[in-house]
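In the form predicted on its own, a lone chain appears below as structure tokens.
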Amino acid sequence: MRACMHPPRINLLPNMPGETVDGVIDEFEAITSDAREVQIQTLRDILEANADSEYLQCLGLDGRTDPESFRDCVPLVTHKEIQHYIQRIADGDTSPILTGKPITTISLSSGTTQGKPKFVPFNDDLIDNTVQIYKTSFAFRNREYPVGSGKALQLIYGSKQFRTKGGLVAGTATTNVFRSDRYRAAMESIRSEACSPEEVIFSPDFHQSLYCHLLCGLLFWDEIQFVSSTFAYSIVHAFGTFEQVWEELCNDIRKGVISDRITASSIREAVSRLLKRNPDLADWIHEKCSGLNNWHGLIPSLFPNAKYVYGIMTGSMEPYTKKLRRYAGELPLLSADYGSSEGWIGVNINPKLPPESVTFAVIPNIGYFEFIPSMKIDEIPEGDSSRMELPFPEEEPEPVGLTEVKAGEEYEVVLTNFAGLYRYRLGDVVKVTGFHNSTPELRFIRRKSLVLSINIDKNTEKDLQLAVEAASSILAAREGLEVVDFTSHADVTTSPGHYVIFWEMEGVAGEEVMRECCDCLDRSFEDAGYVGSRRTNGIGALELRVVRRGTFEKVLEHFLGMGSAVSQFKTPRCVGPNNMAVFQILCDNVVNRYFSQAY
């Protein structure tokens, strides 16, 4: 084991010896055994702590904390309905607006859905929830894949924090967690450490940070127990970058001097303390990389003691798992837990399940949860054909409690948390796959708002993903090429309107193959409204626009410039009126266009 030669690091792996791991699991078993009572107590705790808030006072709860009164008095809301309250807090109003105690920190959503980040209240209770989730998740994970006392290559990034008009600290949810003294204190007992110094995590330049993450991982190659990031995208992006810079990394290790590309003095100094001349290691890395076929098995080749690759791999991250499997080889892919910028929901207690089948057990004491039975897509009223979002219908089923959901059914998640969100519609649709004790296990299905719609057609993000998978399989079979990334747009400027799919590919494919892919995309949208509209020319031919390599990197840079962190970034799957800047980036980089002949 190498001696510690750098400042204290941010560590995300709780040091829990066997009996403590069992203790964490025992605690989870206890709170999920009577989830209904835990939920009632959790709601009581939230409402008692915030009874004096302006929001609850105006709704006439009068100090009542029972679920029935709560449902009768407090309406279901989206972010739009409470945005003005949050803005008052951000502007410096210290009165009890949403919570009894003042909110001192604001979290920013990724901004990829709405085109700009949302402000979300953040407080110490959410830090405590994060610690609970991390420790519970690790306990179940470590029971199946013990990691010992090595290090972890954690591809995490803290974005810049800033002050709102009212002086509140604002940053991404992950940044607020990583910088929290409360979080650091709670996670002090660590077994496996991040191999990168703090200066790398909080680098002012993402590209320099990524390069140094990779370099530090190579320096501790034999101690790496697992590779992780918040999202699968970040891991794929990191090793895609490695393909481009690995020889430069080898040169740094061979000479013992960090590349001139690292100009930030804080990072350069911190990493230089780790970097020593090691030509043998450089030769070993060079031999490993040179011997790989299409980079298959890159991660276990570089880190032979790694046990798994870990990150969020559900929802919009699913398309990246195929390439991640190439890098991971035989290493298992473990999907991380289920949460959002607004708060945590569930934990992965079955880490051996593949990402496509992963479920999340709701932790009943981290918030109060309700579930709206999900209406089938063809039951949802037709919306404005110029929009890519379906409105919430005026009449829909009443929400049910956490323990009242039924296995096999789909629901929209409603969250009440300790930071001032009450009956807040997350917009996530989940399926109940069963129960662990008395708490439901959920599978993420889709985001409710991300829907392509021109006429009476209603296609979800999942529908888009399946269409791209079908078409990209043709590309792989015929040309041996992969789709790097994709998004979509509902073009209503033409008559009739039509779907536009943007693709970035690894190389150049023949015209015949691309026309076949375009036809396949069109045929793969099986929604009855879409099929009927295409046949009657209510919707025009699908358009496939191929963009030049690096275009989605420019999309990433756009969101980083808006304050998003790479570890929180998700490629927007539908680009509409709220994301016109991204739409322009895509249009400016189109190199080929194809129109479907499918109908």
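In case it trips you up, residue 1 is the first one in the sequence shown, and so on. Here the structure is a predicted model, which is why all the values come from computation and not from measurement.
There is another form of the same protein, the form predicted in complex with a small molecule; it is not shown, and what comes next is about it.
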- prompt: the small molecule isn't shown here, but in the predicted bound form, which of 463 to 471, 82 to 90, 423 to 431, 250 to 258 has heavy atoms within 4.5 Å of it?
  reply: 423 to 431
message: Using a 4.5 Å heavy atom cut-off, which residue among G339, G158, G150, G497 comes into contact with the small molecule in the predicted bound form?
response: G339
task: Could you spot which one of I312, I349, V227, I106 gets a heavy atom to within 4.5 Å of the small molecule in the predicted bound form?
output: I312
message: Check for me: heavy atom within 4.5 Å of the small molecule in the predicted bound form, for each of F444, R447 and Q568, yes or no.
response: yes
message: Against the small molecule in the predicted bound form, would F502 count as a contact residue? Criterion: heavy atoms within 4.5 Å.
response: no
Distance check, F231 to the small molecule in the predicted bound form, heavy atom within 4.5 Å: yes
- request: Although the small molecule is absent from this view, report whether F360 comes within 4.5 Å of it in the predicted bound form, heavy atoms only.
  value: yes
